[in-house]
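A lone chain, given as structure tokens: the form predicted on its own.
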Amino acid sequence: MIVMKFGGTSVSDATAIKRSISIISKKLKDKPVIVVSACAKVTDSLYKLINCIETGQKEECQVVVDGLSARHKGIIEECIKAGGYKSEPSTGDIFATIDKICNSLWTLSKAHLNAQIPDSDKAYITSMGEYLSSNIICFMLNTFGISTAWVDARHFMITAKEYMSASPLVDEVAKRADKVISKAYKGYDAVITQGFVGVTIEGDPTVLGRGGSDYSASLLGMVLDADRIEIWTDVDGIRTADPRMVENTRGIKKISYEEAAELARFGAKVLHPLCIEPAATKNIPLYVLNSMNPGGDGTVVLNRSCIFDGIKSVSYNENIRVVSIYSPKMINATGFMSKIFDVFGRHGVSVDMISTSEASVSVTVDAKQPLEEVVADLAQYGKVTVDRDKSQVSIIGKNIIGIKGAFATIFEALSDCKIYMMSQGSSFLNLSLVIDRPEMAAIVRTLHKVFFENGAE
């Protein structure tokens, strides 16, 4: 059995869906379990719907809901118009399913108009993109001769009660998934379900957070003991840098779980940060492939014993803040650091890099995280400053400390740049630098050139 996850761009329209169906058709002997995201930009429309509901824009709510209905029905009509189906398709049932989903959105819109929507209902609304996409793709798979069973992910993806960014209860998922999927597979060539969505034990809707479909697929692969997990996206696997920023990037054919996790953590958008661990737990190969170029090599993520030492990629987080706390009370004091990090923990703000001295500590946080209350609470321990408009650039690779001349190469290349912080991970997988945000793109290009284009690797 394999798990195949198709992202939003891989199911964005009729052309993309037919291309993905062609990919699936070649994997039937492997018993594919297909996990799909919402069609591209649909989740954005659902967040827009939430905003329109809470601000009382009734007419705009209707426009959004009608647009979702028209788009998904239009995809089906376009697929059918292109031909190639096995038997004359009837759209009555699938159009009724689309109408039912969209009517439920309209009902919720009217019920909560001009009021704060409970998080469980927000989770329901934002999950409907996956229910729309999985239903229309299941219909098209069957129309084109691939007998496919549709499974509701909420029959097995049991989560905690965070609602809008829920954590799966792995033991519960494992207990239910194999039974649900095995039962669904009887008499079918494939099974399709939704990424991103879940449910509490009590039955309340939840979602795993933006980008959570990767995590859904990897977790499903782990509990099903899949032979491999395939993440189908719109890029040719993991590359040596972001190709939108850097020319002449190279594809990485093999990378370790640990390196992939570091890349995801430090800004790479190809994989969701949480999707690595489930695959690594069962040592399941995780493939990152391009649905627009299905014949390409892509990238396979494997156990580190299969991966050579060396720098694999230059990644970045474009917008970060540096929070610094200065206090002479820190000198020779015990327990001071735990108090500081307790503040970040209580406010749910995650820290990336850390730098300390006798009387000060500096940390970096993503700029999207709220800091006002953190800064106010930290002030009781010392003078707090927040440096904004900074970026983090990370060099990722296995056993960086063992690469002779790597540090000298970095500092020589960046001799004219201000470096505010530097951190080498304890696992020797990354070297991260904090620099001025306006210089970030140039620094990423410079580092990529010296390590991947000038033969310095």
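Residue numbers here begin at 1 and follow the sequence given. Fair warning: this is a prediction, and the values are worked out from it, not measured in the lab.
The same protein has a further form, the form predicted together with ligand ADP, not shown here; the description that follows concerns it.
A residue is said to contact a partner when one of its heavy atoms sits within 4.5 Å of a partner heavy atom; Asp152 fails this definition for ligand ADP in the predicted bound form, lying far away. At a distance threshold of 4.5 angstroms between non-hydrogen atoms, Ser313 is in contact with ligand ADP in the predicted bound form. Within this chain, Phe139 is remote from the site of ligand ADP in the predicted bound form, having no heavy atom within 4.5 Å. In the predicted bound form, Arg228 stays away from ligand ADP, with no heavy atom inside 4.5 Å. Look at 109 to 117, 236 to 244, 217 to 225, 377 to 385: in the predicted bound form, residues with non-hydrogen atoms within 4.5 angstroms of ligand ADP sit in 236 to 244. A heavy atom within 4.5 Å of ligand ADP in the predicted bound form is found for one listed residue only; from Val270, Ile181, Ile146, Ala261, this is Val270. Contacts with ligand ADP in the predicted bound form, taken as any heavy atom within 4.5 Å, map to no residue of 160 to 180.
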